[in-house]
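Below, in structure tokens: the form predicted alone, a single chain.
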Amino acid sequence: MTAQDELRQAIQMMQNGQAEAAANQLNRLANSPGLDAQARAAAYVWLAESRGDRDFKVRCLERALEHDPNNAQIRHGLKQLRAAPAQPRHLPAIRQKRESARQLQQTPRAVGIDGGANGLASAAFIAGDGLLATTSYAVGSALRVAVHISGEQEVSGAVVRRYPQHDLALIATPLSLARKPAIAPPSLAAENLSFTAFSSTGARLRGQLSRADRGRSTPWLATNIHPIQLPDAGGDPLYDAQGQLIGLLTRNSDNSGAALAIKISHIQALADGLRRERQLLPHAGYCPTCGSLTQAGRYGGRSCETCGSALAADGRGASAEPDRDALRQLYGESEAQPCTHCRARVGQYEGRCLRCGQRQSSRAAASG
């Protein structure tokens, strides 16, 4: 079956009321190389219909418009959605109460994350400074998410780093903890260790680690839980009988089909790495496409130096003169043909100059 056939099948499923199954297929197809730009846009348009909240629909149509910018129907729908009043979130026991920076006297077992690419997810505090960990799958390319604490408080969290290869995302919040989270020593993550996975929905899954972790290089813990049992997009923290955090459950699976969890020791190592990055690069921004830190925006660059994707406009303004010397070092100037707009030789990504972000015409590129 071709990707185009799968798209037609997903649309049919959506029309038949199978929203959850259709959304899973549309999420995958939206990034499929087997679809052209207009078909990807159609996937996002139908994905918008899988959920009722306005913010999710807006994000889907924005992505659709990126793939099909001349589609007047998508543009009109997006305009109408943005003008409509926001609908209240429908989460378990959530009172619409927003909290400013404050200290939490008790560390919640699980924290709710909403506003990411795949709906409601769970997360866990991994440090006393309010840093949260959840899955990259849950967050996607979102810059900010709503963080729900104990079913009552809601704050805004900023996605500060994402590691797609580890299915991990780190979120900064304005909260702090009175006590540091209880973290299990890595040596305790042994075969047959019993745990409870806590979801922000209130669900609890009890299971065991299915095999001993003898190879410390792997970031994963194997469990006896199937991904279909997860009540959300993942990130459910695993606690041992002593109440110590041992990892985060994901929708990834091993060869037997059992869900894998990210080790807490690996999560903390990546979080420590982020803190070192922030010390070395205090003014770096965040690229929501690849999840890395980026300095390009600070110097007037329009594309991430890691993945080449377009960056949102920074505080310098569109008219600010770029720091060409800094960008030359950052991008690693090559012997590429000069850009027909800014004359930089930094090269291109998907037909756009990495320096100024402008598309270069094929005729000009051939004659350059």
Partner chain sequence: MGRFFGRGEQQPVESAGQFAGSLRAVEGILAAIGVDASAARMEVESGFGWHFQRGSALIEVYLTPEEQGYLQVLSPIMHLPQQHLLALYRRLLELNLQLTNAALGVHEDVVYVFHERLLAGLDAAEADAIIRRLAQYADELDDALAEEFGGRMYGRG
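The term rigid core refers to the maximal set of C-alpha atoms that superpose within 1.5 Å between the two forms. Positions refer to the first chain, counted from 1. Since the structure is predicted, the reported quantities are computational estimates derived from the model, not experimental observations.
The following text describes the form predicted in complex with the partner chain, which does not appear among the structures shown.
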{"query": "Contact segment among 39-47, 25-33, 61-69, 296-304, judged by heavy atoms lying within 4.5 Å of the partner chain in the model of the complex", "finding": "296-304"}
{"query": "is_contact(Q244, the partner chain) in the model of the complex, heavy atom dist at most 4.5 Å", "finding": "no"}
{"query": "Any non-hydrogen atom of Q337 within 4.5 angstroms of the partner chain in the model of the complex", "finding": "no"}
{"query": "L354 within 4.5 Å of the partner chain in the model of the complex, heavy atoms", "finding": "yes"}
{"query": "is_contact(V346, the partner chain) in the model of the complex, heavy atom dist at most 4.5 Å", "finding": "yes"}
{"query": "Listed residue (S176, S156, T289, T218) with a non-hydrogen atom within 4.5 angstroms of the partner chain in the model of the complex", "finding": "T289"}
{"query": "A326 C-alpha moves between the shown form and the other one by 2 Å or more, core aligned", "finding": "yes"}
{"query": "Shift of C307 between the shown form and the other one at or above 2 Å (CA, core fit)", "finding": "no"}
